[in-house]
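Here we start with a single chain on its own, the form predicted on its own, put down as structure tokens.
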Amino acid sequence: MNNTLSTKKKLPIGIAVAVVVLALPFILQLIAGNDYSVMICCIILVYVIAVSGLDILFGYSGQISLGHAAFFVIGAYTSGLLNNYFNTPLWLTIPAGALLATGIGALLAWPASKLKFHFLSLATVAFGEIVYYFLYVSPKIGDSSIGFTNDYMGINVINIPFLDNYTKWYFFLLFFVVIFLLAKQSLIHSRTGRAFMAIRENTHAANGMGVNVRKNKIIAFAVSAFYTGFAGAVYVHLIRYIAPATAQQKQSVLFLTMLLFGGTGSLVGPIIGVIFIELLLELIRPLQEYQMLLYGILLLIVIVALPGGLYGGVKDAIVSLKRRKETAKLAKSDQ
């Protein structure tokens, strides 16, 4: 009975949220009179996919990555270079970028799955730096004076099919966000997802219960890399440019900050974190040189005051209020 009432209460809220989300680009265009705010929404949708992937790795399987931007850039460069060199259509370049990121993620996870928390984080930092320097000074082809990745100058994507405005991009990305979030929920509620959570809570206990710890850690890393690689492969076509600097630690810290601030191990947490941090960065854009300082402050706030992130904090507050109401009711009935 209570579940039925809860569902009835949630249904109108869900419908209202869906209507607002679908109408958002048109509302923003009416208010702002330009496409810039819609473009920011598109970037938010891309980051939701990337950070949701990081949540699978860190929030559910307990493996930290401080080099996840490398997978983002691998996806972006693969898609962009296929587009530029071979004029490959978007529906092939994006999956190719995501799959290459997945393969490299699985290869990295094979030795890294044996590493402990802080050593794993250092390994992912090193991986990010390797990817950055490879793209910054890449191998040359023929008599070219620069490498095939265009080295430090980055690459421009010159062929953008059918997505010729940000409103179309918004709905294109929204479709994939829904698909990826549904896939994430399906994974988490599966046997594999339960194995992830067992590993997160206690590796030795999970191993004793028959969970193949190394195999599941590699799966978590590969799935997470697929999400982030896909986000990067889409991002390069949205922005039409990518540079090696995106693979550096600053972008990885941004992803981690979004995840921790929103809340790990949940569907909604990464969405809240991405929206909050991205809008905050837009507000302080004139103070770009202080972005890393902002990330540090936000991480301290999460560690000290909101260990469960914004989503976890709100959930705890709601539970606390319900308990107080129940306590008050019991006190009245006793009187």
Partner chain sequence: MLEAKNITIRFGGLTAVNNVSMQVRPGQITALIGPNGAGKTTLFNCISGVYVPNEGEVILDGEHLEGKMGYKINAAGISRTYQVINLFWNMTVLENVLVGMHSRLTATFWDSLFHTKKKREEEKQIVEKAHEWLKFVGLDEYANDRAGSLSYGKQRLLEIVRGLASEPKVILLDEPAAGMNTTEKAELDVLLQRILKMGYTILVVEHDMKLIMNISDYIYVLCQGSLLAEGTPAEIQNNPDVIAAYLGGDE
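Positions refer to the first chain, counted from 1. Quick caveat: nothing in here was measured; it's all calculated off a predicted structure.
The next section is about a form of this same protein that is not shown, the form predicted in complex with the partner chain.
Engineer: Decide if the three candidate residues A16, N34 and M39 all line the partner chain in the predicted complex, where lining means a heavy atom within 4.5 Å.
Structural biologist: No residue of the spot touches the partner chain in the predicted complex.
Engineer: Using heavy atoms only and a 4.5 Å cut-off, determine which of L256, L108, I219, L120 is in contact with the partner chain in the predicted complex.
Structural biologist: So the residue touching the partner chain in the predicted complex, by this definition, is I219.
Engineer: Name the residue from L100, A198, L238, V131 that puts a heavy atom within 4.5 Å of the partner chain in the predicted complex.
Structural biologist: Here the answer is residue option A198.
Engineer: Work out which of the listed stretches, 76-84, 211-219, 257-265, 230-238, brings a heavy atom within 4.5 angstroms of the partner chain in the predicted complex.
Structural biologist: Looking at the other structure, the answer is 211-219.
Engineer: Against the partner chain in the predicted complex, would N165 count as a contact residue? Criterion: heavy atoms within 4.5 Å.
Structural biologist: Outside the cut-off, so no.
Engineer: Hey, in the predicted complex, is L187 touching the partner chain, heavy atoms inside 4.5 Å?
Structural biologist: It does: once the partner chain is placed as it appears in the predicted complex, L187 has a heavy atom within 4.5 Å of it.
Engineer: N207 near the partner chain in the predicted complex, any heavy atom under 4.5 Å?
Structural biologist: Looking in the predicted complex, residue contacts with the partner chain include N207, since a heavy atom lies within 4.5 Å.
Engineer: Taking heavy atoms and a 4.5 Å cut-off, does A243 contact the partner chain in the predicted complex?
Structural biologist: Answer no; every heavy atom of A243 is more than 4.5 Å from the partner chain in the predicted complex.
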